[in-house]
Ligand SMILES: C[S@@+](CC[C@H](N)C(=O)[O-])C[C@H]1O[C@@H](n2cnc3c(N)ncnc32)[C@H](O)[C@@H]1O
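What follows is one chain in structure tokens, specifically the form predicted on its own.
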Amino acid sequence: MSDTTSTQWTIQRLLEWTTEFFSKSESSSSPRLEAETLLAEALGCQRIELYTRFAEVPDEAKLAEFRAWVKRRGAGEPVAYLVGHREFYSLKFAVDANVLIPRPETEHVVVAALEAAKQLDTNPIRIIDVGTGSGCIAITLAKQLTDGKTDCKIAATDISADALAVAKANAQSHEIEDRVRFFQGDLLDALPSGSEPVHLIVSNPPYIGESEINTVDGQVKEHEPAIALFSGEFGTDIITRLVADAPKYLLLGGFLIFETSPIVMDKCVELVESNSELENVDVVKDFSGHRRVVVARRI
């Protein structure tokens, strides 16, 4: 995307050139969408607005910002980190390299939690979100479970202080600081001594095995935080601890709900079924039909 006096870099031409450029990159799965997302962000408009402004030539400052993003994206940096946000459950969440980028698969954790909440005759519903990252699960549940009839109290934990800073900023932007409290520490050990037992424990823990590292997409492996991705040689170290400790923090009849990989799903189900304090193990499939979320109940 070089400058020439004879070239008019209209919005239409920028999109065409960038789409073609991204299509040659192994890291881009949606070249046109990524081109539109970056250009709309640089121009401070909605993507749909680009189509009514095809003939417009952006000013040099905006064009320079867009070019820099295109170069970084071409090198594999995720679009969400470039623009600083990602949509999750129709809500906008700030993200940076300290947190995992929210993905559609994780929305199934939210859906399962909302379904579980319907089975609980209680108000407010108390929840722990383990390894909250950007806070997308906790904050979405706080928004969804506050409708004038029900309310919730959520404790969100993370071992990373930098990740919690992102989550706290998201909680503030979504105006739910009164319903979500954040605690730094290792899994459930982050909670204060004597914390009340809860109705739901939810989590999107790290679940990729170090033995699988060569199969992980390069842009994920090189840019997203390893602490949020990898969990021992086979991917189940953190989940093993979570399943073992969860019953101590759950009320009778409460639910443990966590995301995992189809690759280790059988092992995760085995871990839950072998815990005498958990029952009714259910597995939820994601949009691609892969087994993705485990749901179990405290007995």
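Just so it is clear, the structure is predicted and the values come from calculations on it, not from any experiment. Position 1 is the first residue in the sequence shown; the rest follow in order.
Just so you know, the form predicted in complex with the ligand exists too; it's not on screen, but the next bit is about it.
Proximity of Leu100 to the ligand in the predicted bound form: non-hydrogen atoms within 4.5 Å are present.
Contact annotation for Leu120: none of its heavy atoms lies within 4.5 Å of the ligand in the predicted bound form. Contact check for Pro78: no non-hydrogen atom falls within 4.5 Å of the ligand in the predicted bound form. Remark: Cys136 counts among the residues lining the ligand in the predicted bound form, judged by a heavy atom distance of 4.5 Å or less.
Stretch 101 to 109 is the answer when you ask which of 79 to 87, 165 to 173, 146 to 154, 101 to 109 has residues with heavy atoms within 4.5 Å of the ligand in the predicted bound form. Put simply, of Leu187, Val198, Val180, Ala116 only one has a heavy atom within 4.5 Å of the ligand in the predicted bound form, and it is Leu187. Residue-level contacts in the predicted bound form: of Ala94, Ile227, Leu91, Val220, one residue has a heavy atom within 4.5 Å of the ligand, and it is Ile227. Along 41 to 77, a non-hydrogen atom within 4.5 Å of the ligand in the predicted bound form is carried by no residue at all.
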